[in-house]
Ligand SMILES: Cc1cc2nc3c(=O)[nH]c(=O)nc-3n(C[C@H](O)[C@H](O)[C@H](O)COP(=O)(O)OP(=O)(O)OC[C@H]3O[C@@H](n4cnc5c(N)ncnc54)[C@H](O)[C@@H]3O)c2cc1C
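What follows is a single chain, given as structure tokens, in the form predicted alone.
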């Protein structure tokens, strides 16, 4: 099979990229080893910039098809302090079940002219400066002018291209399960986040009457417990503030508990020869700020522009431009995420942060605007930094 672009990984990022490339007139093979719908551990918050990217692709309807729920902002809990931050009126976020969103985007890719969807597992990759060949485990071969690895944090493509980098430190993991709320229990309008030192708890509305409960935890918390994933998540949930625990009174499990990790991923580069990496395959910091899906969609848009230049204009610098655009896209995210992970693990700093946001909700709102790309980190007034430092 010969195509312009072969994409390995048919989830959110890969499918969005396939739609974009197909609409640009390129022939695309979109390959994934999984059947859709398929689930994965994910915080399931789609911030405003991700929503805008779906709209730019004409795929805003996939949110309605996924029963996505509007998000008004984020609430932080720490000890006895509660801080609420609201998104601006121009920044609509959504909570959405990843299983349903991925399936809707995968189906949209299959309907796009020029896109061929394949089920199969890549087992061999050969790449040079002009083309790439992918061999599937069943013996099928895809020859392409460019190859994209959109296959997530444990990327086969990244490994095959020798672009893995070691990650130092303890590592963090995620546990997630869905619950159907008891009749009469109102669905939260904000993502609820509770800090507990070596872990954080998240509650996200993802469908009518359904919330996702996620724990982001240190390796010792993930590996030191006993019992099933559901048992471990239940033990962590038992330490949540009473206001959060009450939310699940009478709730029934709606899905199995899933785990993933370690979360941190590093790559030597995001391209090699005629291949490039998009989304989590090109590197990932942590899920603590909830931007993963939005950043995946935005990096897919940058990759589509680069691939069109590479193939249509024979621009051999296109992938270098993509790498620079992706780095700029991630700069504020990496800084904020790394800082918040450090703060979350330090009791005194965590207390100051949440107390500062509680006293100054306008500051909290501006920091949220930075996280979803509505404003830049450098645009924050100096008083916001002083407020958080003073707690």
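Positions refer to the first chain, counted from 1. Because the structure is predicted, anything quoted here is derived from the model rather than measured.
Just so it is clear, the following notes concern the form predicted in complex with this ligand, a form of the same protein that is not shown.
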Option from 316-324, 95-103, 139-147, 231-239 whose residues, in the predicted complex, bring a heavy atom within 4.5 Å of this ligand: 95-103
Which residue, 113, 249, 121, 170, is the contact with this ligand in the predicted complex, using a 4.5 Å heavy atom cutoff? 121
In the predicted complex, the residue from 153, 73, 188, 197 that sits within 4.5 Å of this ligand by heavy atoms: 153
Mind checking whether each of 4, 22 and 310 has a heavy atom within 4.5 Å of this ligand in the predicted complex? no
Within a 4.5 Å heavy atom cut-off, is residue 57 in contact with this ligand in the predicted complex? no
Residue 279, heavy atom within 4.5 angstroms of this ligand in the predicted complex: yes
Contact flag, residue 356 vs this ligand in the predicted complex, heavy atom cut 4.5 Å: no
With a cut-off of 4.5 Å between heavy atoms, is residue 334 one of the residues that contacts this ligand in the predicted complex? no
Partner contacts in the predicted complex for 1-35 (non-hydrogen atom within 4.5 angstroms of this ligand): 8, 9, 10, 11, 12, 13, 14, 31, 32, 33, 34
